[in-house]
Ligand SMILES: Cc1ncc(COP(=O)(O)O)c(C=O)c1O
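Given next, in structure tokens, is a single chain: the form predicted on its own.
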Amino acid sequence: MGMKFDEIKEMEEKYQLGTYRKLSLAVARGEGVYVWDTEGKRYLDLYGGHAVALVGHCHPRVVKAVSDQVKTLVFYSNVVYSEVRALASKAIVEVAPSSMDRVFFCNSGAEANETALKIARRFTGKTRVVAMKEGFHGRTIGALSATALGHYRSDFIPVLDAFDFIPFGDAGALESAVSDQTAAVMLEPVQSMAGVEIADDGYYKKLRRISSAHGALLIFDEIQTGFGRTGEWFFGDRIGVVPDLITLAKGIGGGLPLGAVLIDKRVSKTIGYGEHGSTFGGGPVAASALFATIQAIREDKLLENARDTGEYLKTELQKIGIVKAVKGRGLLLGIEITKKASDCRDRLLERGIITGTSAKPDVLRLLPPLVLTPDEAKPFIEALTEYGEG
């Protein structure tokens, strides 16, 4: 170890398939809301490795749980029982809406969404799915077929044709599209990659009502919004809207690869042996990280912190001249600015601040660890203000 940045960059570009556009730094370590590059420079991480560093980089509780588990048993599959998986399963179901009584573990968001689509088709006996324009659900063929954002889907036509796309937040389009032939209505409750778009509360209540009226399952893709990012365990908690299936990934494993589907009890009781499977899903190390992540969210009061720090950011950002609007909830925020977001991101990176962009060229996106405090966020407010004045 101890390679210089240029050496790392050259080696990655030589041997790794060139499918990622990368920032000009190599991250060597992380702690809380900060990461350090190979040259020792510290960065305020407001991107969280694309929403993965949910409870902060190297949270002590997660590090201990994973370290202890690795010393005991790295892996055995679901063909046997596991104490740590049992504890993790119980913990995640206990924070889920009360109507959900089972969890299925996998490895990624795309895999979770594929599983949810399979469950909906099998349970309803129908095949049509209503999904949202500008939505993103993953890059595998099934998940990609439910995706209607930019080039992601269009680059791989033909995909599965059982999807009907409607504008997000349009109640009239929803009523027209959902029918007795609909197996599921699938959406991100906040369209993150599309620029952090969010609908009014009444829309989500209508989603629930219309789906139920036609016998369709309602699927919330909470891969980015779940586990406290919006200030609640799950997006619908605040307004009392409970879907039939919730898909999860990103930060639920404290930084380790882990996906999950939470399942309503009337659906779960119909699922039998062999209908779904995942070799590494819910492995001992990932399960230990999940259990520790849930404990950290509870004991560190991260739901409250996400709400408080999110409100602080919204208030302060709206005072900045180049900011036209701040969208989102909790610590999933989209900042609409008068300049090109990618240029702003690059300038902030020079100042030691990592942010994200979106499919909208004027929206800067924040997905920081939920441990972020207002004091830690102040350098970002100052840097964005100076950038706008420059």
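What you are looking at is a predicted structure, and each value in this text was computed from that prediction instead of being measured. A residue's number is simply how far along the shown sequence it sits, counting from 1.
The same protein also has a form predicted in complex with the named molecule, omitted here; what follows describes it.
S.K.: Which one, 204-212, 110-118, 231-239, 72-80, holds residues whose non-hydrogen atoms are within 4.5 Å of the named molecule in the predicted bound form?
M.R.: Among the candidates, contact is made by 110-118.
S.K.: Could you work out which of I223, L245, V196, M132 is the residue within 4.5 angstroms of the named molecule in the predicted bound form, going by heavy atoms?
M.R.: Flagged contact: I223.
S.K.: Indicate whether the named molecule has at least one heavy atom within 4.5 Å of a heavy atom of G255 in the predicted bound form.
M.R.: Flag for G255 set to no.
S.K.: Does the named molecule come within 4.5 Å of any heavy atom of F136 in the predicted bound form?
M.R.: Yes.
S.K.: For a quick check, can you give me the residues of 170-207 that have a heavy atom within 4.5 Å of the named molecule in the predicted bound form?
M.R.: Contacts from 170-207: just E188.
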